[in-house]
Ligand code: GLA
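Read the single chain below, which is given as structure tokens and is the form predicted alone.
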Amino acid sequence: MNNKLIDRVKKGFFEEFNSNPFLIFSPGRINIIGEHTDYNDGFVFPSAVDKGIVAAFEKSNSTSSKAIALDLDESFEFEVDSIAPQKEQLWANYILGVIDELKKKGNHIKNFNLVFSGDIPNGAGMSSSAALENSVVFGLNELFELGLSKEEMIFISQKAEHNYVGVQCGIMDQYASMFGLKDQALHLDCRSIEATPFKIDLGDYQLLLINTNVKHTLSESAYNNRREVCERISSLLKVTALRDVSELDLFAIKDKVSDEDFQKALFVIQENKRTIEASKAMTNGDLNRLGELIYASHHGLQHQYQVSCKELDFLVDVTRDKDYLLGARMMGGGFGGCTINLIKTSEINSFSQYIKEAYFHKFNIQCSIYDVTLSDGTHQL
């Protein structure tokens, strides 16, 4: 836990409102494998991490609410009974969307004050959006004694992102952020919303994130496009989701869809299988097999689902001849953000220096490197 972050939020709240609030921590997440399978009712393998958002809450004594984003040095004032999506301060939509979804379910919310800050790297694909949504719904649930379960809260967060932000995300990010367990990854069935915790013991290896520090602008529209493709092909096959489809089923309609869309659907089917195989590899302590699956995931994301970019591909490609690195792939929605790497702990320092120099030489951009600790999910501090 970042104590400096906690102190910063406490101080910011006191300076603005002259009172001591209660605090919520909501973590970001990593995903070992299982990308773009969540909105296809498939399997994913995420974990909450020790980087996240600290949010401070208190009921308002005035006729309005105020939210302050310390990292942006911006504030937004509103009344909970009169909200609408924002076109300027887009970050406010994550908060307003949660309020709107709570109200749709008949929850009575009054005005409140909120101050938040985070240490999730910007654009890293670690789901700062889900962390913010979860911190807001969790905080308002406490503040107004709404009595919501954690499962109810994650669906409110997801719908906020659908309806106010305009990203048709699956449930993985919100689930991992809310239900994360220290030192464990969650093998999550996104249809039943049931997860099997896996104690992560990587022996001489650990997970390392490398941030491209780029985010290409087509990411949100491309994400929604891919979801639409998956839903269209599911409809064509008369199933609920691609989770229900075998490769043989898909080949039966190959002449009815474009090759590009066929490959996207094929990726989802194969990625879902890889995620199940990864849980078996974890159970058997077979890190080499896990690494193979991680590399195969990136290949599919790059060539079939087409959500990678040259920066991500470079960071993965330069790992392939390193015997101390078992697997690497892009992580998150795509078009930028981080790669996740399964690397021998003793080699991290030398590899980090190498990759920083190689990446800068190639793109004239600095990459950033993070090791992460697997964390508990959203909770009150």
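Please read these numbers as outputs of a predicted model, since none were measured by experiment. Start at 1 with the first residue shown and count on from there.
We do not show the form predicted together with alpha-D-galactopyranose (GLA), though everything after this point is about it.
S.K.: Give a yes/no on whether F351 approaches alpha-D-galactopyranose (GLA) to within 4.5 Å in the predicted bound form, heavy atoms considered.
M.R.: No.
S.K.: Using heavy atoms and a 4.5 Å limit, would one call G42 a contact residue for alpha-D-galactopyranose (GLA) in the predicted bound form?
M.R.: Output for G42 is no: heavy atoms all beyond 4.5 Å of alpha-D-galactopyranose (GLA).
S.K.: So, G336 and alpha-D-galactopyranose (GLA): in the predicted bound form, are they within 4.5 Å at any heavy atom pair?
M.R.: G336: no, not in contact with alpha-D-galactopyranose (GLA) in the predicted bound form.
S.K.: Tell me, yes or no, whether I171 is in contact with alpha-D-galactopyranose (GLA) in the predicted bound form, where a contact means a heavy atom of each within 4.5 Å.
M.R.: So I171 counts as contacting alpha-D-galactopyranose (GLA).
S.K.: Here the chain is shown alone; which of F155, Y223, W91, F76 has a heavy atom within 4.5 Å of alpha-D-galactopyranose (GLA) in the predicted bound form?
M.R.: Here the answer is residue option Y223.
S.K.: Please name which of the stretches 343-351, 47-55, 62-70, 30-38 has residues with heavy atoms lying within 4.5 Å of alpha-D-galactopyranose (GLA) in the predicted bound form.
M.R.: Contact-bearing stretch, as computed: 30-38.
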